[in-house]
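Here's a solo chain for you in structure tokens, the form predicted alone.
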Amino acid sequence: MTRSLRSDAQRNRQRILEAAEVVFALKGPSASTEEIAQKAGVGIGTVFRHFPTKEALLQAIIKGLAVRVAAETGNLARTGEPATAFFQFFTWVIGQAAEQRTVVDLLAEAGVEVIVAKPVDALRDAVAALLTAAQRAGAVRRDVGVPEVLALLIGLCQASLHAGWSPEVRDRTLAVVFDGLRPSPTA
């Protein structure tokens, strides 16, 4: 039986995760657990109780990001305008990738495998819902499927991360991709 954390321990864990995202974004790989503890307002022992290694902390950040992406996608699928929600989601994901660059790079350097099967399944389902709604609204070509959308997202996220795109380059690139996803105007 798994015991849940006390409410103060849950708050500390959340503060540590939020602080870690900020510190890693600012300091990159050189960020220390001491800096994270200080930013979170907890002792270093509290950080290590929740996350015994830097890799465990990075894994938790990525899992949290995957959950947030799945939740945002599901929210857009439920409440967004079908003709635009798909493109809003696409833009949001690329922006999230850029914000999380340091965490993703640190995980790759460390060779850390992060298992996020449940959030990825939820993301796939939400992408399918967004795509279907956009296709029904006539905003996306009918021959585009979830595998193509996920391939484009992964490729664009990687390109944005490794090429260090400016916001202008990102916006122009997304405009080209979006033009390719939209149905051809009929003559």
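Heads up, when I say rigid core I mean the largest set of C-alphas that superpose within 1.5 Å between the two forms. One rule holds for the numbers: they count along the sequence shown, beginning at 1. Bear in mind that the values here come from a model prediction, so they are computed numbers and not experimental data.
Just so it is clear, the following notes concern the form predicted together with the DNA, a form of the same protein that is not shown.
For the DNA in the predicted complex, the listed stretch (59 to 67, 39 to 47, 153 to 161, 136 to 144) containing residues with heavy atoms inside 4.5 Å is 39 to 47.
The closest non-hydrogen atom of Thr173 lies beyond 4.5 Å of the DNA in the predicted complex. Contact check for Thr53: a heavy atom falls within 4.5 Å of the DNA in the predicted complex. Taking non-hydrogen atoms only, Ser184 never approaches the DNA to within 4.5 angstroms in the predicted complex. Although the partner is absent here, Ala9 is a contact residue: one of its heavy atoms lies within 4.5 angstroms of the DNA in the predicted complex. Once you line up the core between the shown form and the other one, the Cα of Gln158 stays within less than 2 Å of where it was. After superposing the rigid core, the Cα of Thr132 is displaced by less than 2 Å between the shown form and the other one. Relative to the shown form, the CA atoms of Val23 and Leu153 are brought 3 Å or more closer together in the predicted complex. With a change of no less than 3 Å, the CA-CA distance between Gln14 and Trp92 is larger in the predicted complex than in the form shown.
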